[in-house]
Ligand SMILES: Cc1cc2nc3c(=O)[nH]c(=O)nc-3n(C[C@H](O)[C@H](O)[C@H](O)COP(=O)(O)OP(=O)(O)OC[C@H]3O[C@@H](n4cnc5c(N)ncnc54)[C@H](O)[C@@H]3O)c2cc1C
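Okay, here we've got a single chain as structure tokens, the form predicted alone, with questions on binding and movement later.
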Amino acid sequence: MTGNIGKHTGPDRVVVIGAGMVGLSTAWYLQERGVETVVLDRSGVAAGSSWGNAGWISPGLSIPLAEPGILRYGIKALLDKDSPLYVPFKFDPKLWRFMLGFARRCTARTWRRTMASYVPVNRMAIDAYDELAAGGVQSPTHEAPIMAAFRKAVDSRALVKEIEQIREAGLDLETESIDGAALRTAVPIVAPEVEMAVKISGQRYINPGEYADSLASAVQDRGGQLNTGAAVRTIRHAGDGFVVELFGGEPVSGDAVVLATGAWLPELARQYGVKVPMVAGRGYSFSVPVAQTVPGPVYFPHERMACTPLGDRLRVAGTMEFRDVDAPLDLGRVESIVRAGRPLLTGVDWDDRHDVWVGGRPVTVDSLPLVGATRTPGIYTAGGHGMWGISLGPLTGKLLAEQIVTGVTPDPLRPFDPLR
């Protein structure tokens, strides 16, 4: 049933709390090492930020969110109600402490240091998806370049500079600047007003909800348990292991526990010494019908709008909204995305919107995930990936499974120490 890499020396049974991309990947890779797994989720598979995102496997663009440009952009955005970045003007000490800490890290020096931590995992990210496919995960990945398009060619300067910095950090990235005519030949729905694009090759995309379902099925086919509707009340020691107590359900025991609850991670992890500030950066998406086939992802960096073909429809995603993760969906945010998109794409029925969605991406104050052992032996965290949970989720699961089984932290995980 499992690959059984090497000799199994770690825990026999691990409880993974969270059935998103990161939690399911961790369970799958634990199974590869001969570990029995139980996955718990209070809602369902991909019920958080793993369902309605853009679905990009884009290690070439997985970079620190805290950088000088986002700080300048953010200050301007606060004055624009249609801005893709939204921070509510209300008394929220936790949020504003986070924002001040984030702002202090928006320097070129900090960006370079943080980017150096991303480069090793970015290099291995796609290989982890190939391992999942070889191991029986049925949902496909699609290889296609990302077309980063601009209404005004001058607006591409920031991305071109960013690409240069990514290369300087040591990550190979194949790009090509193309004019508007070449862009429309490749992607006919792009509007005539769009002047140029940067073609970023070597990336992939998935249907994220479908993929998570397929990954969950693979975990179950290999003997893993998946319990949905399982809201965790507390975790307590029991002998040499742990018992996870549930609201209204039978307790679940294991030799170790992985906390992979996305934007809700602090609720459980804080008691185990994980103090890195984290908030929900909520993203919105919906799907619309298109008159012509879209061959791959299209990105409008100036508008912060990501478009992904899913069947005969186009998923349109955008917004970074710093609001409580459980706050209601704000239709005003959706309308802002629509207003931004109308001049950029043709042959799109913007009024036929399906699957309108909001999800909370877990954003850490230092732009680094929280992956590894906590203060309590046997309790691990896997989260805090911000916008890169799809790109890095499977590799995160692989590396964390290695740490859990061997007791040795893989070098690429060291910067992500949750106790930092």
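Computed from a predicted structure; not experimentally measured. Residue numbers run from 1 along the displayed sequence.
Absent from the display: the form predicted together with this ligand. The rest refers to it.
K.L.:
Quick one: of 232, 294, 345, 137, which gets a non-hydrogen atom within 4.5 angstroms of this ligand in the predicted bound form?
P.N.:
Looking at the other structure, the residue within range turns out to be 232.
K.L.:
Residues 17, 261 and 385 are flagged as a possible site; in the predicted bound form, is every one of them within 4.5 Å of this ligand by some non-hydrogen atom?
P.N.:
All three within 4.5 Å in the predicted bound form.
K.L.:
Going by a heavy atom distance of 4.5 Å, is residue 190 a contact of this ligand in the predicted bound form?
P.N.:
Judged by the heavy-atom cut-off of 4.5 Å, residue 190 is well away from this ligand in the predicted bound form.
K.L.:
Please tell me whether any heavy atom belonging to residue 359 falls inside 4.5 Å of a heavy atom of this ligand, as the geometry stands in the predicted bound form.
P.N.:
Yes, contact at 4.5 Å.
K.L.:
Hey, in the predicted bound form, does residue 23 get a heavy atom within 4.5 angstroms of this ligand?
P.N.:
Flag for residue 23 set to yes.
K.L.:
At 4.5 Å between heavy atoms, is residue 53 in contact with this ligand in the predicted bound form?
P.N.:
Yes - in the predicted bound form, heavy atoms of residue 53 and this ligand come within 4.5 Å of each other.
K.L.:
Could you tell me which stretch in 114 to 122, 99 to 107, 150 to 158, 281 to 289 has residues with non-hydrogen atoms within 4.5 Å of this ligand in the predicted bound form?
P.N.:
In the other structure, the partner sits against 281 to 289.
K.L.:
Could you list which residues of 164 to 189 come within 4.5 Å of this ligand in the predicted bound form, counting heavy atoms only?
P.N.:
Nothing in this stretch is in contact.
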